[in-house]
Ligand SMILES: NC(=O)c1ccc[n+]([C@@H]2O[C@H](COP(=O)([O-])OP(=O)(O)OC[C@H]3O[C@@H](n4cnc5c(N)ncnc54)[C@H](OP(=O)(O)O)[C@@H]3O)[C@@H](O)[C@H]2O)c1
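This document starts with one chain, in the form predicted on its own, laid out as structure tokens.
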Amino acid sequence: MSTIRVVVAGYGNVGRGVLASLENNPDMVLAGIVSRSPERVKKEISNVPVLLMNDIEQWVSELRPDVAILCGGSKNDLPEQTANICRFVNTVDSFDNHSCIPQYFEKVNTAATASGKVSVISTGWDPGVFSMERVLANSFLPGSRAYGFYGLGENGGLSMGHSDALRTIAGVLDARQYTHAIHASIDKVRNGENPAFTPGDMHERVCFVVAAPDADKEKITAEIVNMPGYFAPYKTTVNFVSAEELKEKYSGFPHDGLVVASGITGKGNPAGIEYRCQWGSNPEATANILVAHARAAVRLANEGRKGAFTILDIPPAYFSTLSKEELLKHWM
């Protein structure tokens, strides 16, 4: 397979993670970065082409990418960007609003199919890897429910998508959101109860918000706790902090999670399946998974495939740099 030319679309924490990941993938090369604020990016990055994101036809023509990795936010960026960009180039994104994925898939699939491009959507560690693990667990233990829990440690885990959603609120200068798993609920699953949880039964959300000096904090709080798809179904605590406190106490990006399922096999023998991940950097974890999916997107495109895909549609071998022979020898 020839070297894959990658464009990074959007340069924040995930975009930085993609650049770091590309250095560990010898079959890929950075073709350039596109951003809505190219001058800001140029102050941080040198010797790499940085172009205006909105001029899609221009940067596709100039940079000649095989695939664009879209690193924008799920609330406002990706719903508009992906369907436009995949008209011109194969794309991969991490759209993470679970409840909206079916509609998002249809919109992107229509655009990518019409243009003959491949667009891999909603990949990362959840949705993405955990989506696949839920399907496998439910398939291997028919009738079971496979649950995803996040933020298992005392301090919870930083959610990038929810933090981004907070920052879209008028009067919010910066914010972080930490997800906390409800451990009593994990115990119920491990005990084989197979409960019908609501989202609020499984997690709590804690927000740390830097508000503008003249902002209405009560209005901001109300908008947060009632935000559909992000905070409305959960117990949500909103803490207002200074910019200094946010930087000092809440500047890291750790996260972790667990997919767990329990059921029975055969004549009623108990069985359990668990899949755990721990990330020192949530954005770098997402970036690594995006990069592997970029390889898969190019392979699908080279086969003449088109339209939208998820991790559930892609053979695992397509993510790897190894040949089929190497995979059979070393990983089977």
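One-based numbering along the sequence shown. Not measured: the values here are computed from a predicted model.
What follows is about the form predicted in complex with this ligand, which we do not show.
Proximity to this ligand in the predicted bound form, defined as a heavy atom within 4.5 Å, singles out one entry of 276, 43, 64, 36, which is 36. Within 4.5 Å of any heavy atom of this ligand in the predicted bound form lies no heavy atom of residue 133.
Although the partner is absent from this view, residue 77 contacts this ligand in the predicted bound form, with a non-hydrogen atom inside 4.5 angstroms.
Although the partner is absent here, residue 25 sits far enough away that none of its heavy atoms falls within 4.5 Å of this ligand in the predicted bound form.
The shortest heavy atom separation between residue 149 and this ligand in the predicted bound form exceeds 4.5 Å. Heavy atoms within 4.5 Å of this ligand in the predicted bound form are found in exactly one of 213 to 221, 177 to 185, 156 to 164, 112 to 120, that being 156 to 164. Scanning 68 to 87 for heavy atoms within 4.5 Å of this ligand in the predicted bound form gives 71, 72, 73, 74, 77 in sequence order.
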